[in-house]
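Read the single chain below, which is given as structure tokens and is the form predicted alone.
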Amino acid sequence: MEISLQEVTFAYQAAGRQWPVLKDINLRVAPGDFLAITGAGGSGKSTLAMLLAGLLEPVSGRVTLNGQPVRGRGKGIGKGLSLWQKVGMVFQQPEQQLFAETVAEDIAFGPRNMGLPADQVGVRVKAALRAVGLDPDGLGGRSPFTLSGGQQRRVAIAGILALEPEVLILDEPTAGLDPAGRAGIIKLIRAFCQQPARAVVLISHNMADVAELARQVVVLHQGRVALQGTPREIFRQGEALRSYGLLPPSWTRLMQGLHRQGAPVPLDVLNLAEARDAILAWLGGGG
């Protein structure tokens, strides 16, 4: 599945006027991509996610799925409706959307609404729970409200995975989780994107998540694309990130501080291990 936004502009309507949010966005998500969209609060990240998921329609510009112009979900008739079913979105704090009496019933809601027979629904529920690292037999019959916060979020994500999307859009998926919960979510995101012909769009202001996961990064500022490139290309521009209201990861800030003191260290390290190796190489060279 390929999603393309061409010269897309979006504004909310309120009090008889338009309030611009996104301006002239050009973006493409293709199979195999892992795109991170980041930016300060109010930059338009979540709105862009909903446009990519078909939950909003642009004021101007064009959205295409596999090259076919489409309207938003539930708008009009035709092939576009079935194409949107291949795009799944996980909202911020999705555990707040859990509603069913049991975990299995919650996950079964989407596949059942797709008209799948009961046996296929059951297969998808079990597969989705296993995909997020939860035991279908042990947890399927429990109330989702008796689970930990991290488990609830995994159940909510399983509800989207049960729809078998080709593109998974996640809006701040690790927000509010403890380290163990975050590690679990990161693991399942990695597992999803390793499947053939799958793509992930990660919406996050957490630059550590962006560095750890993304292959391409888009930085939004005041509704426009301010920076775009690989994580290394983006992190080399630490001062620009700060000017756009973003705080680079701690290891990037460490390397920037050493660089300002004259140390010949790279500015584009993506994790602590790379920072350690670069510092040891510098010290070993007589720095």
Partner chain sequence: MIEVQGVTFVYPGANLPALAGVSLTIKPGEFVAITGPNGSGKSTLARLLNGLLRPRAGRVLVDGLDSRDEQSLVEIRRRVGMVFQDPDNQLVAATVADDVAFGLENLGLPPAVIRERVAAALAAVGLSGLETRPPHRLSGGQKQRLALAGVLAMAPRYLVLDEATAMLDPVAREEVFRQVLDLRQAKGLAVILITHYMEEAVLADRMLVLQAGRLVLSGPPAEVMLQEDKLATAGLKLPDIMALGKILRQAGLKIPANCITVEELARALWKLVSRK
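All values derive from a computational prediction rather than experimental measurement. Positions refer to the first chain, counted from 1.
One more form of this protein should be noted, the form predicted in complex with its partner chain, which is absent from this view; the next part is about it.
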- prompt: Is the gap between S60 and its partner chain in the predicted bound form 4.5 Å or less for some heavy atom pair?
  reply: no
- prompt: Hey, in the predicted bound form, is G41 touching its partner chain, heavy atoms inside 4.5 Å?
  reply: yes
message: Taking any heavy atom pair closer than or equal to 4.5 Å as contact, tell me whether A30 reaches its partner chain in the predicted bound form.
response: no
query: Looking at the partner-bound form in the predicted bound form, is G176 within 4.5 Å of its partner chain by any heavy atom?
result: yes
statement: Within 4.5 Å of its partner chain in the predicted bound form, heavy atom basis, the matching stretch of 242-250, 63-71, 223-231, 22-30 is 242-250
- prompt: Since the partner is left out here, which residues of 251-266 would have a heavy atom within 4.5 Å of its partner chain in the predicted bound form?
  reply: W251, R253, L254, L258, Q261, G262, A263
